[in-house]
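The chain below stands alone and is given in structure tokens; this is the form predicted alone.
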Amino acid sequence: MKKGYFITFEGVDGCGKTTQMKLLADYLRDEKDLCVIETREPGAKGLGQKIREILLNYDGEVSSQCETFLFLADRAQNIDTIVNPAVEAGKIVLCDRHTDSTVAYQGYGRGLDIEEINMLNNIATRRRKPDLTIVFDIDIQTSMERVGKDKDRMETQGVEFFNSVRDGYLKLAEMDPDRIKVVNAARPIGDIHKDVIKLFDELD
């Protein structure tokens, strides 16, 4: 495979997306002999790790606008320094959260203007879209049980907030069904992994 791909993993906290990303990365390296780059938003290597620390652990007031711009700054750094160079070199880039997280969390969850978020996402990404986005869908009660008691700043939001985020993801999938695929994340890890492999194999 000479063509590079950019695949993003999305869903509410506790949905299992990080586990599934790691499983796919191992599968592609071991079974397909492909070069795979793993990254995340927020918190890609270098500057992104500093931004992640502020976003998830700052104990003072953070306005919704400020929160959004911090995510966008991290995203621009990730796209310019990690994603674009790797994809252009024919590598597979797997990213834990990307633009759809900002629309779901800050748009549907915080109530910010979604058209403005889409415009800002386009600026931060230079209009690069993922080749595939997998949303791991799970009910909020189960997701919160999985997260447990040790929560970061974003994970401490209430049930109503996370229900809005989940609904946002499902609406995004309805609007862009060619790119965004929804997977039932309430099943055994192995069954979900098989679905993820199938979605990768269906890429052009």
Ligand code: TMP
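Just so it is clear, the model here is predicted, and its values are computed rather than measured. Residue numbers run from 1 along the displayed sequence.
Quick note: we don't show the form predicted together with the named molecule, though the next part is all about it.
With the named molecule omitted here, the record of contacts in the model of the complex names 41 to 49 of 23 to 31, 171 to 179, 132 to 140, 41 to 49, defined by a heavy atom within 4.5 Å. Remark: Phe71 counts among the residues lining the named molecule in the model of the complex, judged by a heavy atom distance of 4.5 Å or less. A residue is said to contact a partner when one of its heavy atoms sits within 4.5 Å of a partner heavy atom; Leu56 meets this definition for the named molecule in the model of the complex. Within this chain, Thr102 lines the site of the named molecule in the model of the complex, having a heavy atom no more than 4.5 Å away.
For the chain shown alone, Thr125 is not a contact residue for the named molecule in the model of the complex, no non-hydrogen atom being within 4.5 angstroms. Taking a 4.5 Å heavy atom cutoff to the named molecule in the model of the complex, the one contacting residue in 106 to 133 is Gln106.
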